[in-house]
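This document starts with two versions of one protein chain, written out as structure tokens and named structure 1 and structure 2.
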Structure 1
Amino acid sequence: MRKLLFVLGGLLVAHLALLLVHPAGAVRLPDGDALEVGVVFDLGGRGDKSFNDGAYAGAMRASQELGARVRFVEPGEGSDREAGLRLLAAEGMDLVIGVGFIFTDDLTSLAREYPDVAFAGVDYALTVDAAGNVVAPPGNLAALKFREEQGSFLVGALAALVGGSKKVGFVGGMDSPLIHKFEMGYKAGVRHVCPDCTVIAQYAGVTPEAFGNPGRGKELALSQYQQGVNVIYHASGSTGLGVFEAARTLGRFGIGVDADQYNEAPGRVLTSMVKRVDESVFNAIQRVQAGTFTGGVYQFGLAENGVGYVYDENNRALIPDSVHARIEALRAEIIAGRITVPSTR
């Protein structure tokens, strides 16, 4: 018993002592009158090397160029998403951004509750009312939507033209409607330039963990490459890093997603279907600062340069000029509306 009290006392003293430690460099919570922006990340969070990092990059750019003060929140389970947004809104942030379609409902209700705060939702999902009309988001909420299928169409065409094989591959993360958009656009692109090509499309799983299983991604990719696929497009978060590993191992090609993922496997990333989340986030912040922010739907497609594919000094050697010209032509046709890209199965 004495020993027990001794342990209790020792722990208590240690804790009290540690409470007094105040390391240099410990941040205090910000205050002041700079533009304040709050960002709540989706599952995966900062460092996912694609989607969330895009939002992070946009916000950081705003903080450097516009002097905005940015706070990031990484929620855990479901109810934390609303809590995270609310935390920021209640603190009187000027702009609160939810990164991911999953924030849709929470953003909608909070935007109504805090009409003086500007909200933005990356990949905000629009709802359709009984009559089939799109329900407009609240006036202080910007829905930042991307036409992933358009970008995916272009990289699909590219994969088919450069691949040198009648088979091209696709690896998705969680088997879900958002990722189907990527898959459908990609397939359409492949078929458009190569009607007799087949697309092997596989998913890493059925739970959100499927976006974080690179081991599975690598195995899926290896098996596709061994079936004669030369190029695989992934839309699978961290799982896709496994796809690049497989591409490195066998000396084939992968196509990145969301951000320019060339550096994940230099020389083996044919291109990336970029989704300018950074641009959209930066623009939203900029508009709030300039006082021109309005709610509504912002579509980022090929026309707005919101989606696209990477073609720069890194991969120029991998893509023949004729192919590049063909892709650019397709791009023009989509922008002109002569090609419509499907987005659902």
Structure 2
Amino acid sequence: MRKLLFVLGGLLVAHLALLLVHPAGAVRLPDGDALEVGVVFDLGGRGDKSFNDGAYAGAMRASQELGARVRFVEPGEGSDREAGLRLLAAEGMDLVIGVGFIFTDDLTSLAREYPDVAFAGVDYALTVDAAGNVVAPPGNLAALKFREEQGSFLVGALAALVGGSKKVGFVGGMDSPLIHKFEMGYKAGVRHVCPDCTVIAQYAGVTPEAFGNPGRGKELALSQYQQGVNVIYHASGSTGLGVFEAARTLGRFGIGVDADQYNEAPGRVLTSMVKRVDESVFNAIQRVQAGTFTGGVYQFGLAENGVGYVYDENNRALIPDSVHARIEALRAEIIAGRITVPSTR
């Protein structure tokens, strides 16, 4: 039986059968064979109401629509994550996917070590060589990338237009190039509609653990609210739960990330910048099933419905019709290429 394995971090605890792999880069499943999907969550695990839950939703969609059999594993220490990836590659799985930029080095190394296994990395971090050229991933590794800066631009504009203050806030998790994309897009959106607004940006830490510290998130948010900020956008995993707690405490607003986080603070979540991790996960599974999987860089932005923002019955009363119309106009301009959103500092 052919197997499709997704690894999102952590040590796989079940033994899996050795499978055949086609060496040409495209994986083909014999007729009648079911996909087997293994999901090992990134730091924070399932229930983070954010990144990991998005991956869970994508895998479950594959289970329902494609008949995939899915197993989920919670994350362990960094060495466990590498060991889990290696175990699956050594057993000759058709596709091994790490979800989270912290898997980049391990995926790159293993893809070269196991050229007959297909790999993919959600938020895979592309590197630049000495000449300034982007280094392509190995030919059997698909880099699943998001244009987080585009969705962040829209929620930044929204925060400035309805926040009622010339100060807006940003709380990041790990101070890293990936989270800088959220920050820079957000700042660009704020300043596009309010050139004299100030963005207070702070980070919870410099290690991956910064994505799992709600106490630190609350501390940073309280400080920003006390400086006159009314709206804070977080890109910090479960650390952002502390931002929402501070918003509830002081009667201010937060902006969620990755998934719709309205239920974390009903009435206090202005919107959420949704990042369709579920779509990228499902898309990769679907391509394996169709025999069209290849390595390379896959981008998910506004045009691909890979990022966006929440506007529904829960937050509609917080966003005037005129503001919503302007945000939609900005969205159309970004898709058309008339607005270029920065992604680096």
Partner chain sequence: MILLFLAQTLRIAIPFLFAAAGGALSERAGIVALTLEGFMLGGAFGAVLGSYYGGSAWIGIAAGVSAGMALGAIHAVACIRFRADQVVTGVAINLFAVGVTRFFLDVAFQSSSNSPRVAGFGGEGLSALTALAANPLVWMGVAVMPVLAFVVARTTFGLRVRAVGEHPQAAASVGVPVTRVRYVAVVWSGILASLGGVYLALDQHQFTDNMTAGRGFIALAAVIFGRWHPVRAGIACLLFAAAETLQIQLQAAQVIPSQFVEMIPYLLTIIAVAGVVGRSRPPAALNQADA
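Between two forms, the rigid core is the largest collection of C-alphas that superpose within 1.5 Å. Please read all numbers here as calculations on a predicted model, not as lab measurements. Residue numbering: structure 1 sequence, from 1.
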In this pair, it is the form predicted on its own that is given as structure 2
Take the rigid core as the frame of reference and indicate whether the C-alpha of residue 86 shifts by 2 Å or more between structure 1 and structure 2.
-> yes
Take the rigid core as the frame of reference and indicate whether the C-alpha of residue 289 shifts by 2 Å or more between structure 1 and structure 2.
-> yes
Taking the rigid core as the frame, does residue 108 move its C-alpha by 2 Å or more between structure 1 and structure 2?
-> yes
Determine, in Å, the CA shift of residue 136 between structure 1 and structure 2 after the rigid core is used for superposition.
-> 4.1
